[in-house]
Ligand code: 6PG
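Before any questions on binding or motion, here is one chain by itself as structure tokens, the form predicted alone.
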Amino acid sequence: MNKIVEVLPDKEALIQRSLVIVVEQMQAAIATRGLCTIALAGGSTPKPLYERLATQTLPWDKIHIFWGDERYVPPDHPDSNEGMARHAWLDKVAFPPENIHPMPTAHADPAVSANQHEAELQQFFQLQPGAFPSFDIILLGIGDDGHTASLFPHTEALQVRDRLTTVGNKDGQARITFTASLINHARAVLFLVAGASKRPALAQIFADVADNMTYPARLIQPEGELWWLLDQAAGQELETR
């Protein structure tokens, strides 16, 4: 794992730096493998990044969009990660519809939807049973509680090691989420973190010793590059480490 930590002056600088890295990673993946696979994060922090990606000139037909997790709501629901990304980016450029791979949320049983999405991933990446895909880019954030994707503290999803997707649980509300095992097979993972409220969790995530079940973002140790991009408010205490 190649771990890179950058503390940027403010959120604007954080978004601009993340744009440069994501575009570079996309272009490198396309040059090397002919396409780029990227999994998006939800939440407010990456939304400006998506809006800026919509202004770029990129070979959209060679980029495939996935999500690292999804709230169990329809795509037109205000809480939908898919809906946010479509509004900010995907609907504004010429993405072929078949290049967008949302997590399904229509079935009454979230576990069925997780299985459906796992099957889609296996087919898209042409995986052998038990194998994991290597996404080119997975974007993540963290919550104040140290969760990432929909891997919440002390939930069953943290224990799933042999699946690509599983059902996450946020205060009794189901989510669909990538497993830590899948995320850790990525070529590049980018955490985008902004705000002073994240400092206590970051201190535990970066600590030499802490509880992975209490701070699930500690589970993310990818085989490829691990980028932590932090604004000053979130990362100023890490600068002095």
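Predicted model only: the values in this text are computed from it and were never measured. Residue indices: 1-based, along the sequence shown.
FYI, the form predicted together with the named molecule isn't displayed, but the following is about it.
Residue heavy atoms within 4.5 Å of the named molecule in the model of the complex occur in exactly one stretch of 58-66, 27-35, 212-220, 43-51, and that stretch is 43-51. For a residue to qualify, one of its non-hydrogen atoms must sit within 4.5 Å of the named molecule in the model of the complex; none of S113, R163 and H185 qualifies. Under a 4.5 angstroms non-hydrogen atom cutoff, the named molecule in the model of the complex lacks P104 among its neighbouring residues. In the model of the complex, the named molecule lies farther than 4.5 Å from every heavy atom of I138.
Using a 4.5 angstroms threshold between heavy atoms, A85 stays clear of the named molecule in the model of the complex. The named molecule is not shown here, and in the model of the complex it never comes within 4.5 Å of any heavy atom of P133.
Of all the residues from 158-184, the single one having a non-hydrogen atom no more than 4.5 Å from the named molecule in the model of the complex is R175.
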